[in-house]
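In the form predicted alone, a lone chain appears below as structure tokens.
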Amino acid sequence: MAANDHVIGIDLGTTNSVVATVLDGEVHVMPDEAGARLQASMVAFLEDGSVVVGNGARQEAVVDPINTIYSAKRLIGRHYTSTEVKTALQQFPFKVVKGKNQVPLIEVRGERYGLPEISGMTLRRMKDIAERYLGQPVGQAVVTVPANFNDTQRQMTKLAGHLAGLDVLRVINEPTAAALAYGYGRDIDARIAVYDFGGGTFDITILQVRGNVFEVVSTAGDTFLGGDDFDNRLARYMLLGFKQQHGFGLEHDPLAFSRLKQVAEKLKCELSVKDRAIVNVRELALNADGKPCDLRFQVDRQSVDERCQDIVQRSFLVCDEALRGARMKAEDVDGVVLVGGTTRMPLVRQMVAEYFRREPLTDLNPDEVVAIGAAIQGASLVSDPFEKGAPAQPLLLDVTPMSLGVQTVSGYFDVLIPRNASIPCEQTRVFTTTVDDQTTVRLQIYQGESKVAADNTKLGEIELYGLRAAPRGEVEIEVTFEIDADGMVVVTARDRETGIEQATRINVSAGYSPDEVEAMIERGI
């Protein structure tokens, strides 16, 4: 590989991020200067104007939660008015405000930041770790996203990479990357279910793996279900314990809740290896007399499991959906690969084994497997990085997670490309003018499964303009909708009569104007 040909694979996670690359035919997960291979997806804005990104921001989340941003991935590419953002507003101690075009913005220390800027800071940190490890500049990356991310969320992730100074060669789905890490070089022929339970998102993907061909059969996901939900549940459990001990509640104390959320994450990890744990949080709050109050109590794994079973159960509703799409039953799967830190919980592993009626495969590190797959894919995009005698380069055949379509005059959703269609793919539809001398046609683009367009996720509008003036119905415009290898929507149009390529303008919903993007670049991260 030439000096600057290194392509890094980045698993941009809700809770943690990982970076890997292929060197001399072997995948290396790259540690930071302290030897940590897992990096917190956190950004802390300090009082002196400096910014701390990664593991260094963890402590700031405890002492200054209002100015420390985490779980940005849960908000990226969403509308401010969406249910997910409304839920997040109740859980996050930091401030989320509404920007132009219904875009959620993070307000911190008097400045407003777009979600791609926050994610871009994490990607920049991963880029810096890679450059330190490799001893040379890095400019290209493959970045992973949840399989169920829509077009807007993928575009915002790619923008985050651009802001971090990276040329994102490909955006690939996390479960597909995990299957690649698991199956590459094993020469297997099997139907694999990738059960990906991360910090903020859940995905299930069914793949047919044949040698070096990885074909996704179906995928389903919930982009607002993850380890965060366990942490929030445990934090509320501790709030209840505090109220019982001291007689007053802390529901509206963001600092206390943030501290408990950090404790909850550690408690969750401790109870994954032990049957019981002791919680001891000193000076959590002051009582009416101004005296500090501690939180002390013992908690066992069984009681936590009972309180959290419903969270895991939600994941199986998504599994049912993916299996229906693959026309399979749970027992038809040959193997189950676990991905994401949440799958370390014994409760999750036990319930997964019961659902699929087989023990899941646990020989790969669930925190690193996605980055490893991204690194393998990245290396194969620029050259043949593998030694002689190594397996052939992998071929990924992925699918689109949601149907793509347009809104009809009556408000219904007209599907152009159905969910689980192999990508890249395209579909062409003819549209005509509806009034005399009409020179523009506007199409509303949606992704989702509801028959009513408004119930789906609006991606934006496509405007065909500069049409020739003619009687209604006479001008026919052939519009081609394409979903590319990154899972992103591309639209082209042409006048059927003249064959002239028609001008199109896509206004991304919940997106940023060119001026706003330019301002982000100028501000720098």
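When you see a residue number, it is the position in the sequence shown, counting from 1. This one's a predicted model, so the numbers in the text were calculated from it and none came from an experiment. Superpose the two forms; the largest set of C-alphas matching within 1.5 Å is the rigid core.
One more form of this protein, predicted together with a small molecule, exists but is not displayed; see below.
- Note that among 121-129, 225-233, 175-183, 398-406, the stretch whose heavy atoms approach the small molecule to within 4.5 Å in the predicted complex is 225-233.
- Within 4.5 Å of some heavy atom of the small molecule in the predicted complex lies at least one heavy atom of G340.
- Mapping the unseen interface onto this chain, P116 falls outside it, with no heavy atom inside 4.5 Å of the small molecule in the predicted complex.
- Taking non-hydrogen atoms only, R344 approaches the small molecule to within 4.5 angstroms in the predicted complex.
- Though the partner is left out of this view, Q208 does not reach within 4.5 Å of the small molecule in the predicted complex, counting heavy atoms only.
- This chain is drawn without the small molecule; in the predicted complex, the residue among G199, G378, P104, G221 with a heavy atom within 4.5 Å of it is G199.
- The listed set A277, V318, M328, C269 contains one residue whose heavy atoms approach the small molecule in the predicted complex to within 4.5 Å, identified as C269.
- G77 shows a C-alpha shift below 2 Å between the shown form and the other one [criterion: core-superposed Cα displacement of 2 Å].
- Once the rigid core is overlaid between the shown form and the other one, P346 counts among the residues whose Cα shifts by 2 Å or more.
- Taking the rigid core as fixed, one finds a CA shift for G198 of 2 Å or more between the shown form and the other one.
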